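Starting off, we have a lone chain in the form predicted alone, written out as structure tokens.
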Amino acid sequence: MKLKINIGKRLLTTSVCLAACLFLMQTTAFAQDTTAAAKDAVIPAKAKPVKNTFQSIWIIDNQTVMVPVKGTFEMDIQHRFGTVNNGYSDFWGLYASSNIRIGVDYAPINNLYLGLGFEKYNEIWDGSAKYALIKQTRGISPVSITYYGNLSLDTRKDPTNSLFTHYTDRILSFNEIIIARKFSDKFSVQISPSITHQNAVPGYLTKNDSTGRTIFEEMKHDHFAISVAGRYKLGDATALLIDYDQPLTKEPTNNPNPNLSFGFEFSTSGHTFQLFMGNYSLLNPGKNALFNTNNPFDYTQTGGTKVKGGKFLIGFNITRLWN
């Protein structure tokens, strides 16, 4: 029996099979190439916040925008000598009456710093909290923003209530927002608006009769101020510091003076030492904002009385970090 072989159909079938195999091989190779390309693709690195805008939490008399990492423990020693105006008689303030504060700080969580300190003048205890709200990050935020709050308590003995009528009169609160930018590896600047609140202010009666009673308050309960500070690195461990504090609120009497301070900072990984001259003699931000009597500049009062400036003093800050 003779078989009929259809060569045309067999060739067609063979061609279809070869084409299908080539298509499957090409698809597999393309899928492998795509997977390899995906693996080899460079994933853009996530932008990180700028580090070391300032070296310390202090820039002379003010807090910086810096908040140490979680688990950091710090000890601060701050010292202010007397003014240099008496010259050799008290060796330019070095042997004059001085002020000192010892404080400790701890970061229980990231971005939060808690502090406690005691100042010699008026036996003032203070507690503070500092929180980093925004950190300077390229493409995200051009500045860092930190909140700082300080609550102080005057613990002087007052058995006759001549200083404090109520216990709350001993309390003073200070709040500020610190806005900073690191322009380069060497240069950083910050600006800090603040408000200080005192529960009690000095005053006296200007009227007290059958028609009524009027009290003249010598100061306002809320006082606004602003601070500008900068740091310029001179080397790996040395920097130049400058700070200026300007009162904004005009008090009825006893307006506080501005503060101009400048000096040097010497630092290692765990220590910072700042040596400077300035006008602030107190070691509490609220007290300095309200009661600074040392003026850096000569000025003339409203009545025409000339007041001599240049009342500077020498001071230093020492900080030690453990983390």
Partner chain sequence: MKTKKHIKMKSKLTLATSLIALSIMSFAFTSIVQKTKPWPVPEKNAKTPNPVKADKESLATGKSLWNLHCASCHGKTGLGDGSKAAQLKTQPQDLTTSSLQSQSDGSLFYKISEGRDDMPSFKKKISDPEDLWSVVNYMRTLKKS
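Numbering follows the first chain given and starts at 1. Being a predicted model, the structure only gives us computed values, none of them experimental.
The protein also exists as the form predicted in complex with its partner chain; that form is not presented, and the subsequent description refers to it.
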My question is simply whether D236 lines the interface with its partner chain in the predicted complex - judged by any non-hydrogen atom within 4.5 Å. yes
Taking 4.5 angstroms as the cut-off for heavy atoms, does Q55 touch its partner chain in the predicted complex? yes
Please check if G71 has a heavy atom lying within 4.5 Å of any heavy atom of its partner chain in the predicted complex. yes
Considering non-hydrogen atoms and a 4.5 Å limit, does its partner chain approach T268 in the predicted complex? yes
Of the candidate stretches 293 to 301, 276 to 284, 57 to 65, 260 to 268, the one with residues having heavy atoms within 4.5 Å of its partner chain in the predicted complex is 260 to 268
Taking K48, K51 and N323 as the candidate spot, are all three within 4.5 angstroms of its partner chain in the predicted complex by heavy atoms? yes
